[in-house]
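Take a look at this single chain, the form predicted alone, given in structure tokens.
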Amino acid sequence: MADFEIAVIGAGVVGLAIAARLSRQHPSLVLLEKNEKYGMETSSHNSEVIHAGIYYAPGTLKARFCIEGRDELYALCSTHHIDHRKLTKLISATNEAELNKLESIRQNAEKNGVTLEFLDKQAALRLEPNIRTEGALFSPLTGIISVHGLMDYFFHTTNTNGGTIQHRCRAAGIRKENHGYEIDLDEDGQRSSITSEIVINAAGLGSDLIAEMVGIDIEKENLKLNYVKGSYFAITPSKSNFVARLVYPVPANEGLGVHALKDLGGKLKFGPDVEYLEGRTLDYRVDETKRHAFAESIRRILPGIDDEDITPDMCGIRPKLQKKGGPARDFVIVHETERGLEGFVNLIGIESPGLTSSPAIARYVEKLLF
């Protein structure tokens, strides 16, 4: 008999959401996290935005789960008093050429079931008089959330349901056995192992390496992750009231563009940029030498910002399947039965909108398994 029915590897917001959901009916569950606390990597280094589901290709997991998760998150926040705010958002065309792109974005959102209102220049400026715009799309369903508050809720739910959460516990190897999997663990140099009937790989930045442990060729299967750094700069408090909501430019290929973010404390910051990293080093320093280039990007949206108005704030690292210059990639969420790995679920490339999607992803994993 296995030590556990379910082992979830990775206690970011997605792993926590899965553990909280599955532990209701399956309390013989262990959540393994290599860091000293849950959510210390991608989950705690992001913009904390609840996305509406605007940009993602219709029919993709990203589109479906973003919309389902968005509604569930707002309901969760209201029921369990998780700090959040439905700030709303503008996507602003900064020149005439971008107005046609706004219509394409509006049509894509409509296919996803998301209604956006087109605002002409005067209407957009009535909402946000300090921005540069020739017209904008208004998203009433975009908001912000306390990611730590959400993760705390999932963590305590898992504990209350009887699940076990083990920190400083790295998965060092996984072997398929007759009735499940043996997982080698490294706890600050102390080696041990556990067995579990089911393994769910929600390891975020390390999810491709976990897949490799069970014999999946991540190069051949195009599952090798790219580490993509995104930095943020904060605006001086004297200008933090220059916008009242989230303001985005028309997006480029590999991201949504440097955009205006208001956090729950009222701070105004801009980010993230897109910097593909060499190797897998987790460097969360913001490069001060980016200041002028960042300020130029900010002035595309908010012309009243000078270089000296911004200071380095924070950065995050995205686990992207998309190669630099390549086409967008969807989430990979697969019960690997076709590889002979019954009971092993892979979640790879869970970047934005992973936070928004987390409750819907948890429900989908439950359906895949049960």
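Residue positions are given as counts along the sequence shown, with the first one as 1. Because the structure is a prediction, the values reported are computed rather than measured.
Omitted from view is the form predicted in complex with a small molecule, to which the following refers.
The stretch in contact with the small molecule in the model of the complex, judged by heavy atoms within 4.5 Å, is 311 to 319, chosen from 57 to 65, 335 to 343, 311 to 319, 297 to 305. Checking 206, 180, 163, 257 against the small molecule in the model of the complex, a heavy atom within 4.5 Å turns up for just one residue: 206. For the options 138, 232, 155, 242, the residue carrying a heavy atom within 4.5 angstroms of the small molecule in the model of the complex is 232.
Contact with the small molecule in the model of the complex, defined as a heavy atom within 4.5 Å, is made by none of 53, 72 and 200. With a 4.5 Å cutoff on heavy atoms, residue 28 does not count as touching the small molecule in the model of the complex; it lies far away.
When contacts are judged by a 4.5 Å heavy atom cut-off, residue 247 does not count as touching the small molecule in the model of the complex.
Taking non-hydrogen atoms only, residue 169 approaches the small molecule to within 4.5 angstroms in the model of the complex. At a distance threshold of 4.5 angstroms between non-hydrogen atoms, residue 23 is out of contact with the small molecule in the model of the complex.
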